[in-house]
Ligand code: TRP
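Let's start with one chain on its own, the form predicted on its own, as structure tokens.
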Amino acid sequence: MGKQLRILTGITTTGTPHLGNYVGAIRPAIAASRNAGAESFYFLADYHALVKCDDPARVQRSTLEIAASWLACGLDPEKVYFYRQSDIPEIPELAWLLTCVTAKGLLNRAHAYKAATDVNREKGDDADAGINAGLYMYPVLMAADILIFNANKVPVGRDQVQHIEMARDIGQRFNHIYGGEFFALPEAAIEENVATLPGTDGRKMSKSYDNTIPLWLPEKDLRKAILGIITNSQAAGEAKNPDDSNIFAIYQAFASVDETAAMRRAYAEGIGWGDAKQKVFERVNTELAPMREKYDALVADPAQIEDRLRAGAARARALATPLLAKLRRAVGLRDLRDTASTATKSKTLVEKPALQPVVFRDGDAFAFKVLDAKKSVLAEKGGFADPKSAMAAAREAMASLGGG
């Protein structure tokens, strides 16, 4: 495993990027990609898109638009790994290897699956009505996305933390069963300070609410969309509170500290909503206009984007292919002429520690078990706040048992 920090981000290809995506994900991620102290991986999660989208044209168009957006906003594919998930055949193969060591009970506890079954029960339907196996297996595929490159950090919102914890659990179980440190165990990098833009109706900007402002609207249409944002009925000349204003929140996400302070003063002095919206449009358009030109050129040349994605996949596969070969050998998918393999496996089994710690999620907390070579439980305890605490306690238990 490489010693350099690896950071991995996936973008699901199911829709058109909007201003909220830009402020909350694209802009900060591209800034982070310039960190010379880390290897950054950005991928278009088109396999994941199939879980909830059965429109082939939409998946293809979204892939084009999202790839063009990231490139237009300054992502340098020469300095990061930028690839399409479906161009890395090692990912679905690893997903199957991981499926075979993943406890069904772990998948039963996944938030997205539980939420879907809860909705069905509330309607009086069968718990699994309308739920496809893709939704159920989503955490395993996500674990494969992360583990195939031994990513150390995965930036996510709090609603995705469970998936990272599950990837840790699955990777750790594979390491334990096959007696090696095949996978680094990833950690969630929780994005507490990511800006969340309000949409045109005041709620969070989201495709689910149909209240988004598409990122690459032509200048005239962008102005029209911003002028259409809902405001209250306060008149011009009346002091306004910027902290409960949708349009101020959007302005602040694009403006400098000085510009934001000036806009606060304008609110206190009673700026009219029409003038305030015009200032928002001008500030947003100033930032987007140069990138919009690049975006339009990229979208008009799909072959250029395809070439860049394939080149990125080739670079990524240079890392993935050797690891998968190692994993195939570990699980027994081997060349029958390689008579040394059996001896190697036997030696590995002999050299495995007599005691093994296993950390797992137990409800809302974490627990550990200490197993002997026959997988009998010698010690166990739960109630830990995080997997690191549980592992530390497991090692203490092993030491007291004489196997640390």
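Note that residue numbering begins at 1 and tracks the sequence as displayed. It should be emphasised that the depicted structure is a prediction, and the values quoted were computed from it without experimental measurement.
There is another form of the same protein, the form predicted together with the named molecule; it is not shown, and what comes next is about it.
*Asks:* Just checking whether residue 305 would be counted as a contact of the named molecule in the model of the complex - the rule being heavy atoms within 4.5 angstroms.
*Replies:* No, no contact at 4.5 Å.
*Asks:* Mark residue 45 yes when one of its heavy atoms lies within 4.5 Å of a heavy atom of the named molecule in the model of the complex, and no otherwise.
*Replies:* Looking in the model of the complex, residue contacts with the named molecule include residue 45, since a heavy atom lies within 4.5 Å.
*Asks:* Residue 142: heavy atom within 4.5 Å of the named molecule in the model of the complex?
*Replies:* Result yes; residue 142 sits at the interface with the named molecule in the model of the complex.
*Asks:* Within a 4.5 Å heavy atom cut-off, is residue 12 in contact with the named molecule in the model of the complex?
*Replies:* Because a heavy atom of residue 12 falls inside 4.5 Å of the named molecule in the model of the complex, the answer is yes.
*Asks:* Name the single residue among 197, 276, 154, 226 that comes within 4.5 Å of the named molecule in the model of the complex, judging by heavy atoms.
*Replies:* Of the listed residues, the single hit is 154.
*Asks:* Answer with one of 86, 160, 246, 117: the residue that has a non-hydrogen atom within 4.5 Å of the named molecule in the model of the complex.
*Replies:* Result of the distance check: 160.
*Asks:* The named molecule isn't shown here, but in the model of the complex, which of 67-75, 120-128, 134-142, 169-177 has heavy atoms within 4.5 Å of it?
*Replies:* Looking at the other structure, the answer is 134-142.
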